[in-house]
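Just one chain is shown here, as structure tokens, and it is the form predicted alone.
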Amino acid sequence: MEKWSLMTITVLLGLIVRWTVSFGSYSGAGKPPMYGDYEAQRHWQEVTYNLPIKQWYFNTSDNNLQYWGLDYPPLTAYHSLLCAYVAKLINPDWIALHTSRGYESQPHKLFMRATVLIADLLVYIPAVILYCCYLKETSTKKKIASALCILLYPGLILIDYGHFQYNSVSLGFALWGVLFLSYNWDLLGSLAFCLAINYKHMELYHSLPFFCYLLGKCCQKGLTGKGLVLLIKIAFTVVASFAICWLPFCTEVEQILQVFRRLFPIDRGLFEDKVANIWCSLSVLIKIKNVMSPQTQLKLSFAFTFLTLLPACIKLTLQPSLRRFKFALVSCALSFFLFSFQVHEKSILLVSIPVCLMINEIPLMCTWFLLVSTFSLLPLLLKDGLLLAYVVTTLAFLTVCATFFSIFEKTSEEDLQLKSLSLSIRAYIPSFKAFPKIIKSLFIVSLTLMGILTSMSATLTPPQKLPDLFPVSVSVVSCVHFLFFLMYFNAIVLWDSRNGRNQKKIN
């Protein structure tokens, strides 16, 4: 009873922080003619309510795709339609065709913010609470602390309740998938993840770990017996769920192709804005977009992405365990973020949420990564006028993690889960015991550097010849961090000899 009382307080704290941030500015506020993501979400409500389904993804006189055309999968469109029906009941002007373009008012802002909160309460927050409550071999205090840290993660709060998006829906569905798989409810896990992909196609970042874990599990059971039956059931679940989601668009082949063209716009280029991935960082030295054709860029990004995620996927397939599955979710998503084609800065959230799931296991490294992931969003948050919200939520998150998990003390090889790697190194260098000191020193230097760059970005005017000096600096510094974390998480996966201490045996 006490545990659930504390969990209720934890949820209330998370909701208070979310709603407080929502009082601030949002993407494109008062900035015609294109405004920002807030207007994009409102416009999708306008389009889905006023136009027939067959026109949602096509360029017509009533649906100018150059003005925030719908470019998310069908479930997002259905969600927009549902919100539009509610908006119509409150104020039809909010979704009136053409005339509502750029609509801004306090009542409308309250409505839009409420839609994010309701989606959060229905999908993401319950998944977080159930995941933390049923962590095995974990004290009640650690369960509460894990839930509080996950719910206070500033990156997701600032993007959904500040900038304005519905990332908590797709991430929540993915988290439900992880939760179901942890209890061997493989069909429900597959269904939940299919919903995640059909809400936001960037969930493909997580697709290979889900596929490899389930395939490896089927192989362990035997592909001539129970394993084959399970594989057929999973395949049927996936096909059926996609078929139902896409059914209204299956009337014509051109409908399906047009949706795919909107979801995967190759012509947009390798990256957009100042994203903290390898291609944007390298463009400081080499203008990749100018020296390579789009086709070459696509092939290069695919090759690097595939090669960097391959080790974790192979090990997960050959030795499936929930522990390796969670680490693979992190390393694969991070490989996609760093090396894949057409990456947005907000895609770092797809790495951050799996990292959140391991904060009770590796508190220092997970806290560090989550701080860097939020810092990588700084240029976007400054553009949206969210500096105060960024500083307050980040400091609050760091304080909570330091208080409940004693992160500055958890620096031993065991705490960092680098014991196996250290033993391998000591086979060649017997005196090597430097990991704890190195990690602690790097963490302090990192925090200092992020603090300095945040202050400079917020207070100083860049030179006229280098107008993007601070955003580029933030992106490059963040990218270096992410490369370090990619090596760290892959090292844990590759040197891990355990099948997962806190997992059930695969039957």
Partner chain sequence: SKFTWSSLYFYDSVTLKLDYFKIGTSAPDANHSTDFEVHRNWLAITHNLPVSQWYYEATSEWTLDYPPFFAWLEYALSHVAKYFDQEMLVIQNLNYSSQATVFFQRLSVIFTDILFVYAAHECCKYVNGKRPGKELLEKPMFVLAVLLLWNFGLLIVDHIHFQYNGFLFGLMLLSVARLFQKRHLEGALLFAVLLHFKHIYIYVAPAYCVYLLRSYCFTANRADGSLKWSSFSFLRITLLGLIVCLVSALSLGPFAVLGQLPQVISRLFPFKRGLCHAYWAPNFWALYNAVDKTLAVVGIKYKFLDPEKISKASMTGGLVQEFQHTVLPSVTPLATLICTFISILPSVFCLWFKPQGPRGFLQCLILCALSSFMFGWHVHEKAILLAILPLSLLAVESPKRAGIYLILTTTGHFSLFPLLFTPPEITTKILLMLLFTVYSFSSLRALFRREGPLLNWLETIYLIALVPLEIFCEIVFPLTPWNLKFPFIPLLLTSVYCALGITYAWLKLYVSKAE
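Positions refer to the first chain, counted from 1. Note that this is a predicted model, so its numbers are computed, not measured.
Below, we refer to the form predicted in complex with its partner chain, which is not included among the displayed structures.
The candidate spot formed by L81, T237 and F242 is out of contact with its partner chain in the predicted complex: none of the three has a heavy atom within 4.5 Å.
With the partner omitted from this view, the residue of S105, N184, Q319, T403 that lies near its partner chain in the predicted complex is T403 [heavy atom within 4.5 Å].
For the chain shown alone, T393 is a contact residue for its partner chain in the predicted complex, at least one non-hydrogen atom being within 4.5 angstroms. The closest heavy atom approach of I9 to its partner chain in the predicted complex falls within 4.5 Å. Although the partner is absent here, L494 sits far enough away that none of its heavy atoms falls within 4.5 Å of its partner chain in the predicted complex. L13 belongs to the set of residues with a heavy atom inside 4.5 Å of its partner chain in the predicted complex. For its partner chain in the predicted complex, the listed stretch (105-113, 311-319, 176-184, 362-370) containing residues with heavy atoms inside 4.5 Å is 105-113.
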